[in-house]
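The chain below stands alone and is given in structure tokens; this is the form predicted alone.
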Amino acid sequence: MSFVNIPLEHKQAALQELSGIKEQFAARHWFPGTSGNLSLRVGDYTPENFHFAITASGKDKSVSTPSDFLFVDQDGRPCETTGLKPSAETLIHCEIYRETGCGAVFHVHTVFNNLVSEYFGEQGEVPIQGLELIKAFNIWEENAAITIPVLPNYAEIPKIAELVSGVLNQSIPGILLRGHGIYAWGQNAFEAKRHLEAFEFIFEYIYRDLLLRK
């Protein structure tokens, strides 16, 4: 499906949903210094052809304006004539959509996800076992153990994007960038939000647990 064939009401609904989520996350202080980005896919999907709305670069996410979002294609190129620039990390969103076919990708910077990603950075993954919030990822076995990949935070975004397919685990909907933040995704915005909230709880738990053990 070409972008022009996606019904206008579907595009408007995506922007409205993203705006509401942006407000919720901003209230939690998850977008310090204009950081972070949110995206929501619209229209049909194939790995070679898809479109999504994404936050515009350099915007204060604690306020809502008509220029908060724009639509881009599978290569991160704007679908419409606009003076807006997509978030710097749009190519990472592109790779996650391409690899998973998911419906939404959320990326935030928090103190806890930065500290945990740095602590486990050399290991390349964050090990987690036995926490109740693992069930948020539809993993239900008792004392379940998972790992969250940690990628290096290169200055060149394409260099990070090309690593995504090599570490992405279809059953674990998240990837950390070391000293940077978390990318979480889901089949829709509700699921991506649930996954992100679970990851953030887990990161805070890990940090506080490490403190208690010292």
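Predicted, not measured: the structure shown is a model, and the values here were computed from it. Note that residue numbering follows the sequence shown and begins at 1.
As for the form predicted in complex with a small molecule, it is not shown, yet the points below apply to it.
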**Asked** Do heavy atoms from each of Leu18, Ser39 and Gly103 fall within 4.5 Å of the small molecule in the predicted bound form?
**Response** no
**Asked** Since exactly one of Ala56, Leu163, Ala26, Ile146 fits, which has a heavy atom within 4.5 Å of the small molecule in the predicted bound form?
**Response** Ala56
**Message:** Contact with the small molecule in the predicted bound form for Pro47, defined as at least one heavy atom pair within 4.5 Å: yes or no?
**Reply:** no
**Asked** Closest heavy atom of Ile139 to the small molecule in the predicted bound form, within 4.5 Å or not?
**Response** no
**Prompt:** Asn113 near the small molecule in the predicted bound form, any heavy atom under 4.5 Å?
**Reply:** no
**Request:** Verify the contact flag for Glu95: yes if a non-hydrogen atom of it lies within 4.5 Å of a non-hydrogen atom of the small molecule in the predicted bound form, no if not.
**Result:** no
**Item:** Stretch in contact in the predicted bound form with the small molecule, which is absent here, among 185-193, 65-73, 165-173, 27-35 (heavy atoms within 4.5 Å)
**Value:** 27-35
